[in-house]
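First, one chain by itself: the form predicted alone, in C-alpha cells.
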Amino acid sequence: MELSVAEENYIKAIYSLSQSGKVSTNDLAQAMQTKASSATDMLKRLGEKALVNYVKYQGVSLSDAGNRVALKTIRKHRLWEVFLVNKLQFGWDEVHEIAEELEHVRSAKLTEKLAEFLGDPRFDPHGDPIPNSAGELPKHSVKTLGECKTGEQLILQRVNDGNPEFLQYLERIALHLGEKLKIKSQYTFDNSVEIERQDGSVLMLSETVTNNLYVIEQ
C-alpha cells in the first residue's frame, strides 16, 4: 500500500501521541498544526485504508497495519539521523528536519542497505531506539532526570530532540549521551536539580531541562 507523505506523517504523529495515552482529534490537529476538521478528514481516509481505529468523539488508535507503517517510518527517520551525524558530521541539532524528508524515501532495499552500512545501530544520535527490520524496538526503560531522587547515580541515555535550541544548549554545557551523573541536591521551590558530573564539576539544571533528559541507573 503506497501512502502519501501527509498520511505517513499523521500515522507517525498518532504513534507518538499514543505513547502518552489516548489520542483525541484535537490533540492530533494541534500536533499537525492544522484544523480539527482537517484532522478528522484524514482520519476517515486512514480508517478506510484500515490503518487507524477511529470513532467520532472517542479518539483514535493505530491498527496493527498502521503501527507497522509508523515503526517503518520511524526506523528510516532514525537511521538517516545516524547517517547524517556519524558520516556527514551534521550536528545533532541539525538533522531532525532533514530526516523528516528522507524518512519518506520508498525503497526498502535502500533502508536495509543503509542499516547495514551503519552497522545496524540500535539507537539514534539522541538516544531514541531504532526499530529493527521486523518493526521491533530494543528495550529502552528510561525515566526523566526530573523524576529521580537525591543521591541516585545515573547515566544520560536519551534527550528530547524536538527543539534545536535545547540541543544547542546541551552542546554548550558539554552534556552528552553516556555521561555518568549523580544528583547532589533538589530544590522544591523551582524543581531545579544540582548534579555532579564525571569530572567532579557541579551543574545546576532547571526543571525544563531535567524533564527533557532521560536516564537509566548506573
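Keep in mind that this is a model prediction, so the values were computed, not measured. A residue's number is simply how far along the shown sequence it sits, counting from 1.
Not on display, but discussed next: the form predicted together with a further copy of the same chain.
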Want to guess which of 101 to 109, 143 to 151, 67 to 75, 119 to 127 is within 4.5 Å of a further copy of the same chain in the predicted bound form, heavy atoms only?
101 to 109
With the partner left out here, if you bring back a further copy of the same chain in the predicted bound form, are F83, E94 and L114 all within 4.5 Å of it by some heavy atom?
yes
Mark L88 yes when one of its heavy atoms lies within 4.5 Å of a heavy atom of a further copy of the same chain in the predicted bound form, and no otherwise.
yes
For a quick check, can you give me the residues of 1 to 25 that have a heavy atom within 4.5 Å of a further copy of the same chain in the predicted bound form?
none
